[in-house]
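Next come structure tokens for two forms of one protein chain, structure 1 first, structure 2 second.
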Structure 1
Amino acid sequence: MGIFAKFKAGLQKTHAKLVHEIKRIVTRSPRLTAGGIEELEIALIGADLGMAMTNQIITAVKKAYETQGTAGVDVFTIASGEVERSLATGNAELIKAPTGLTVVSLVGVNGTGKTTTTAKLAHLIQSRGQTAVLAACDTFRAAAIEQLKLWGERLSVTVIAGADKSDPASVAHDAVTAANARHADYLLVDTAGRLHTKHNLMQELQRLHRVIGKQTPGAPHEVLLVLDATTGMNALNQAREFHKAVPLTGLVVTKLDGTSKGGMVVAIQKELGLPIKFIGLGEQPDDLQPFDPKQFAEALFSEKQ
């Protein structure tokens, strides 16, 4: 399956609901009435596109109707164009340190799919002809360590792990040493899930990053917040708080294939200005895809499905 086909399949729930609502609104009357505008707003907000993006689309639609009249105004094309423009800001490429090891820390609340995402990212790196080492720093959850080890075996990737309940910073320290000894291109650090409201856990994450930074100046080079798309706009609060505690460099959005709230990707990027680096569109190793703003916007609003 091609990347665009995966985007379309993954965003099917969001797309179906959104397109159905927009079609119903725009085909009911040749003119865009005040009531129609209000319904369009509700449909866009219902897909969790957020107020800022919704207002941007509504403004563009109104302008098109004013300048073109009722003939030839395509709300889908306008909406897709506005979303693509908004998402195209920032560098969506995975950062690579100029020399030596690149450290990527994956952070987020419990249940977003961090461990699986860490493994899938290693698979993607391998597919590009580079090498990765995994650090099992979610030491609070024994299942997370075992899960990462299983992924390591499946993908033939080295996993550095400590004992259950061991100090995450200590595991990270050992992992940096091991990754450097192996001349790996990337070290991917799977951190424990933590509520963004728990100050002590945020401090622990900051400490882990400091330990990594002492060993490898400038590390972690990439701090990716893993968000679960099914949580909708709740993910925005998580993103705000994590960004305050550990400056984020990008976002990974998982479980887009299971939600009608895929617009939250747009809302979060719009508010925080952080690039979406990858999105998760399924369970297989290659279902983590580099984010493409144009294809995402088209998959969200295209009438041709």
Structure 2
Amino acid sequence: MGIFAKFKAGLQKTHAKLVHEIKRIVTRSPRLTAGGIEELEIALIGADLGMAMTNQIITAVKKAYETQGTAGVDVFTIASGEVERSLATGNAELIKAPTGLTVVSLVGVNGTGKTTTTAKLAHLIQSRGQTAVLAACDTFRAAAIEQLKLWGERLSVTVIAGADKSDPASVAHDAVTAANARHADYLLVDTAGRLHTKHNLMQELQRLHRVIGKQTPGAPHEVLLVLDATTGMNALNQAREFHKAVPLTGLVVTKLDGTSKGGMVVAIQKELGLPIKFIGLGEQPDDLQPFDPKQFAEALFSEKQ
């Protein structure tokens, strides 16, 4: 590297700072105070965005805030815009196979709400005038099958189930056959909760998907990771590991009816680029709603505790 190039590289930071400062003065923009930054940081961390993501957003917000001119937009509005933009990518619609049956598999760690989400999703599909069949592939947790069957009765949706502790892959196999015979539009596969650190259970999930894929090429068309909004930074690990084992096509964030903000999806979206397709807002069948980045971003900053 020549001496001038070295100088240039060394001065890059100073240069950038200077340009930014000049821009700020020329546009007569306000300066972001340390107090303002801290308040923003607390809001972001408090919503489980994590440190790395928080710092990124603060940098972006600072830049936008200090070059906005005299518009007088406040920090949180800008921050909310930043988050919204980062979330507004990808296709958030439920995938539909071009012809025939569409298989949707719901995966995730224990207790995030997979079974309830499966039922709600069936309700959503029904309300669109399409038909769904449910596959009770959680053969591990006690009474998980009964839970899904009860939902099936409530919604009058067919539930295909095997015996307790039976092989989930064989249940899936039967379910695909049954769904095809009924000419259903969707087959929703409710899988057992598993921690992403359990190697053998993740392999079991891969096998389940292989069996489905053998029967219906291209299936499962949609693999949704169900995330609990109260989860902290571990959600990123969960998404990473599940995505590695069974390529995901989207996320569902549940339990957003509480005070949790589910901010970790921002980091997940940034790293893995997975669209958030639905959010869960309660225990009723119609409490599953399509994801709206604008609403979500605004909610992140709604009450600055």
Partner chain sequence: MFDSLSGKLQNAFKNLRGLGKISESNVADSLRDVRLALLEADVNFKVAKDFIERVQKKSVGVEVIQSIHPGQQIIKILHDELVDLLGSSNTGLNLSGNPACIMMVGLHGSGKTTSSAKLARLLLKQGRTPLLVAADVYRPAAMDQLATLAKQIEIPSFVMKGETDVLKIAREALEFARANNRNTLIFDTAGRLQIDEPLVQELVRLRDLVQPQEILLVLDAATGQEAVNVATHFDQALNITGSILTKLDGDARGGAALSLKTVTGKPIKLAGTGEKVEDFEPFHPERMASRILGMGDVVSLVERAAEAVDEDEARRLEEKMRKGQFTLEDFLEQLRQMKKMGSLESIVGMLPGGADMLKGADLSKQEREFTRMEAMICAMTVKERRAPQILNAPRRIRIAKGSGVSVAELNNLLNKFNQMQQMMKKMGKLQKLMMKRGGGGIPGMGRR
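Keep in mind that this is a model prediction, so the values were computed, not measured. Take the two forms, find the largest set of C-alpha atoms that superpose within 1.5 Å, and that set is the rigid core. Along the sequence of structure 1, residues get numbers from 1 upward.
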Note to self: form predicted alone is structure 1
Is it true that residue 53 shifts between the two structures by 2 Å or more at the Cα, once the core is aligned?
yes
ask   = Once the two forms are fit on the core, has residue 30 moved its CA by at least 2 Å between the two structures?
value = yes
message: Rigid core aligned, does the Cα position of residue 63 differ by 2 Å or more between the two structures?
response: yes
Here the CA of residue 259, compared between the two structures on the core, is shifted in angstrom by 3.5
